[in-house]
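What follows is a single chain, given as structure tokens, in the form predicted on its own.
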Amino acid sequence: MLTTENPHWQSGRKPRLLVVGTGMMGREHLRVTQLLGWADVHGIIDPFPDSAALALAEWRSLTGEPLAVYRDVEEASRDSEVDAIVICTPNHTHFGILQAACVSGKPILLEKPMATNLIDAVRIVTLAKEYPACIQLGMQYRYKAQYVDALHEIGVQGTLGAVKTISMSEYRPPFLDKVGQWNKFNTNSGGTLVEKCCHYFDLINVVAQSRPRRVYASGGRAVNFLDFEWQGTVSDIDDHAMVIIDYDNGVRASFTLNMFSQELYEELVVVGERGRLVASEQASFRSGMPSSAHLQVEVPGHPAYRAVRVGYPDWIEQSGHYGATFFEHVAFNQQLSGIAVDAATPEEALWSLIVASAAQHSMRVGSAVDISKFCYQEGIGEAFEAG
């Protein structure tokens, strides 16, 4: 049912989505689409029968509406019954599937990371410049409640004055099981700092409002999957890292990752000329342990000087990623209706990937990486110069 809150209500019908990939994230997109109610899911496609079966079973628990099952991405994308496409397949398939979907000329929501290497990422940026519809990148952490409020305080209100330092951290349990265990191998995921942390580098870049100049990282494999093999191949995925980023405008940033913790905790600390902001979240994969997010703004007279609880209603937070995917779909639907939104662009996703890739490289070589030189070494020098 269309209501005046729905950005599509004047058109008289909801857009119909195709969800490509029905693993954990694909099913989250199905749930959120149904919960938000601004669009309908017309069909799904997944080469793994078990994943498709799980998606169909979950869909039937949500609604009695039919769900088409396709076999070919290009054919499904061209179907006149499909208005927009959501791509949430394993990382190493993103570029190929995006190319197939783009023959349709229809709007696309592409999950992070945009690609597993910088050459493909630049190709996506180039493609997007001539593409007739929006390509929104799935940097959904921008929509977590504590970061929405933090970005508003820093960028819109200017509460901290000029930003000087940024510190971000994530502590969490190991990677979850995925189909084919693709996320246990760098060749499939792009590496831990690409797969897991491009969200955070995107947030840091947004706060810094400048281009990264130099990156240094130290990390490796300490606890997780040290003896893990899949079909004769030994896992090589990292489980911890510490990253330092210098920006052209003098902002300095750091990022810490630990993936052998029992529970989930993440924190953003930004310090400017006038004070300090802390945005934090405590969460758990265990049932019965809801997330708890807080915002603290240490600027004299600010109402959140001693920290305040922030968040979304439980029914939204429980839909996935603590409500972030829900509001990512709000932004995507607004774009579908022609409303300009502040969603992650391919260019912004590229810069998060540049930082992540440079950090992965720094860990391998054991020294700081000059971003300009690194981009030329990786064959994307022209993209670096273009900004």
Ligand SMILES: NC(=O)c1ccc[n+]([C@@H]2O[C@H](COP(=O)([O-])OP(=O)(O)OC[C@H]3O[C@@H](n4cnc5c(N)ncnc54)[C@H](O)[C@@H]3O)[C@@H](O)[C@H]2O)c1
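Keep in mind it's a predicted model, so treat the numbers as computed, not measured. Counting begins at 1, following the sequence as shown.
Beyond the structure shown, there is the form predicted together with the named molecule, which is absent from this document and is the topic of what follows.
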Fill in the blank from the handout: From 316, 97, 237, 251: within 4.5 Å of the named molecule in the predicted complex by heavy atoms is 97
Problem - The unique member of 276, 213, 309, 178 whose heavy atoms fall within 4.5 Å of the named molecule in the predicted complex - result: 178
Handout entry: the named molecule contact in the predicted complex: residue 45, any heavy atom under 4.5 Å
Key = yes
Problem - Contact flag, residue 219 vs the named molecule in the predicted complex, heavy atom cut 4.5 Å - result: no
Problem - Touches the named molecule in the predicted complex: residue 111 (any heavy atom, 4.5 Å) - result: yes
Handout entry: in the predicted complex, residue 182 touching the named molecule (heavy atom, 4.5 Å)
Key = yes
Problem - Residue stretch of 155-163, 87-95, 101-109, 254-262 approaching the named molecule in the predicted complex, non-hydrogen atom distance within 4.5 Å - result: 87-95
Exercise for the section: Could you list which residues of 13-38 come within 4.5 Å of the named molecule in the predicted complex, counting heavy atoms only? Expected result: 20, 21, 22, 23, 24, 25, 26
